[in-house]
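Encoded as structure tokens, the following chain is the form predicted on its own, with no partner shown.
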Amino acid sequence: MIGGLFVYNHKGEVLISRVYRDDIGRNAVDAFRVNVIHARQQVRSPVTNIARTSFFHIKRANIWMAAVTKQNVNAAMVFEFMLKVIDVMQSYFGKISEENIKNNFVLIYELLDEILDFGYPQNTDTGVLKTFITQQGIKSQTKEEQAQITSQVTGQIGWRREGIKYRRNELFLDVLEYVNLLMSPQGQVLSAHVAGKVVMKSYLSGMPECKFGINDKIVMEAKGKGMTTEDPARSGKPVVVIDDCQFHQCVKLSKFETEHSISFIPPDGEFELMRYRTTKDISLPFRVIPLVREVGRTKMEVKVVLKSNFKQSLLGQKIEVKIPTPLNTSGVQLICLKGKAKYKASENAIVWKIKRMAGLKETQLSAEIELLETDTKKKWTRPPISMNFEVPFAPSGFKVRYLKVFESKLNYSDHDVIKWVRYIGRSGLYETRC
């Protein structure tokens, strides 16, 4: 529970002040200004305790937002709420700036009254708020509009309003995966996991129900309970093991547990349908093979071989390999078979960039590094070689089996909906020790 919410400019002047509980007084406003905004040393922690009062703050450009409480509250919940408040403000008047806050003074107080009640967060969904709070304030509603608002605020489908119509019904689905890897110089995988998410853009009329099926076989390992849907020998398709997953509130979880199909009424526009994490049977798109040889105290030879481990018909893009160099490097001679390589003294690294690379290909970079003689006997620690890339497939093996749309009231079927599915694999922290 939040006792008060304050918004300051860079000078420490209060722009918005809303107190929800009696235990927070005006002295709290001054305490935050003196101890955080005007502090002699920069305050790095986002949580500050002053006289048994907790101040949670975030900063956007030159604007400070502080939530104040004397209770023992969940810090993650407070920060999540403040970020939601920022999102709501941005959706109403764009950039968070002092001028915009002053121009929308009345609107912000209206929003704060709706989204926080006696210190408890309420409805922070922008779509729902926009149905009854407009730029000009609350308008007089017709009986139909009032009934619509009531059903959205209190009903089960708060994320979608009725009466949405499009000339062309379209559904875009992106499977985005981030591969994280730590590999030994000998090629042994020390740790690897994929963090993925399914992002959807829905432009559908009415109140459609969507069914979204993923791989024939999914093994859920949650809190020590394994759950299997099919016999892998019978399906003959790759097994995907999901360690944990999170769904958008629109997903009917009961159907997922029984049928392993994701059934939902989608919000209008773009939203994140699900997040998941997997650690087994990951298809690593690239392999980096490093060879570092120290020639005396003033010279070092580096050879890096890069191999692509995916289908020949696919293309990897935006490839960047960062090879660290010692601090006492004086000069670098580079030869690369593909792309462009450059030594960046500011980063103490050789940056090798390749625009595109097809599957099952191999290329290499050779470097001669000249070193300055130093008195220190400390050996170079050899930081890992890091890599960035983008590939057009899901490294975890995640596949969309089907995507169906049902709308009983309006006159369109699943065949009338244009659907697009795209897979994108990107590098997270992708490192190879050298």
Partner chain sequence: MPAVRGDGMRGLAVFISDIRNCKSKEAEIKRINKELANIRSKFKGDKTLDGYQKKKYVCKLLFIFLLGHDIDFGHMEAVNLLSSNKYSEKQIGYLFISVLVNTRSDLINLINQSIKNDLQSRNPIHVNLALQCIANIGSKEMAEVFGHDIPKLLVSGDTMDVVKQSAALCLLRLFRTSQEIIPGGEWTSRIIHLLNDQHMGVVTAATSLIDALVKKNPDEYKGCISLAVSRLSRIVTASYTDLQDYTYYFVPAPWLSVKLLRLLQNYPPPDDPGVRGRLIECLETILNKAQEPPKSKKVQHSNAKNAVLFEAISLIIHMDTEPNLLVRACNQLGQFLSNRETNLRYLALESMCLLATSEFSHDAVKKHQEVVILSMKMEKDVSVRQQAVDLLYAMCDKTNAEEIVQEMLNYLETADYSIREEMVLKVAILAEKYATDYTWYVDVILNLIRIAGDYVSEEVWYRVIQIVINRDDVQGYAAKTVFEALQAPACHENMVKVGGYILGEFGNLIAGDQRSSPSVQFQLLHSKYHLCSPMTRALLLSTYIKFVNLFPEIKTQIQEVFKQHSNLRSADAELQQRASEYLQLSIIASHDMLATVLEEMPVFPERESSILAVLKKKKPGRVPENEIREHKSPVPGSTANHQEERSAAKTVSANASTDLLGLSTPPAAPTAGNTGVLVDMLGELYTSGSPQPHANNVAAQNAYNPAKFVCKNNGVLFENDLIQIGVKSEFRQNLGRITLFYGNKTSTALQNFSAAVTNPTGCIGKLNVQSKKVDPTVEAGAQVQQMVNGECVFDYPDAPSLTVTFTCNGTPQKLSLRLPLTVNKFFEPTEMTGEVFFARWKNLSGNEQRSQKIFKATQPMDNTAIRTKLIGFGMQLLDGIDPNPENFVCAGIVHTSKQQIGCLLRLEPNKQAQVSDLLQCRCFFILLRVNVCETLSGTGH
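If you superpose the two forms and keep the largest set of C-alpha atoms that fall within 1.5 Å, you have the rigid core. Numbering follows the first chain given and starts at 1. No experiment lies behind these values; they were computed from the predicted model shown.
The same protein also has a form predicted in complex with its partner chain, omitted here; what follows describes it.
Its partner chain in the predicted bound form: contacted by all of N328, E370 and D375, heavy atom 4.5 Å = Looking in the predicted bound form, the three residues N328, E370 and D375 all sit within 4.5 Å of its partner chain (heavy atoms).
Tell me, yes or no, whether T363 is in contact with its partner chain in the predicted bound form, where a contact means a heavy atom of each within 4.5 Å.
-> Close contact is absent here: in the predicted bound form, T363 is far from its partner chain, nothing within 4.5 Å, heavy atoms only.
In the predicted bound form, Y178 touching its partner chain (heavy atom, 4.5 Å) | Output for Y178 is no: heavy atoms all beyond 4.5 Å of its partner chain.
Answer yes if any heavy atom of T126 is within 4.5 Å of a heavy atom of its partner chain in the predicted bound form; otherwise answer no.
-> Close contact is absent here: in the predicted bound form, T126 is far from its partner chain, nothing within 4.5 Å, heavy atoms only.
Flag W159 as yes or no: does it have a non-hydrogen atom within 4.5 angstroms of any non-hydrogen atom of its partner chain in the predicted bound form?
-> No, W159 sits far enough from its partner chain in the predicted bound form that none of its heavy atoms falls within 4.5 Å.
Of the residues S283, Q90, N348, S261, which one places a heavy atom within 4.5 Å of its partner chain in the predicted bound form?
-> Answer to the contact question: N348.
Heavy atom within 4.5 Å of its partner chain in the predicted bound form: which of N49, N62, S45, N27?
-> Only one option qualifies, and that one is N62.
Segment assignment from 302 to 310, 159 to 167, 337 to 345, 74 to 82: heavy atom within 4.5 Å of its partner chain in the predicted bound form | Partner-contacting stretch among the options: 337 to 345.
Counting only non-hydrogen atoms and a 4.5 Å cut-off, give the residues of 1 to 38 close to its partner chain in the predicted bound form.
-> Sequence-ordered list has one entry, H10.
Aligning on the rigid core, do we see the C-alpha of I37 shift 2 angstroms or more between this form and the one not shown?
-> For I37, whose C-alpha is compared between this form and the one not shown after core superposition, the shift is 2 Å or more.
For K399, state whether the C-alpha moves by 2 Å or more between this form and the one not shown after rigid core superposition.
-> After core superposition, the C-alpha of K399 moves less than 2 Å between this form and the one not shown.
Yes/no, M387 Cα shift of 2 Å or more between this form and the one not shown with rigid core fixed | No; M387 is a residue whose C-alpha shifts by less than 2 Å between this form and the one not shown when the cores are overlaid.
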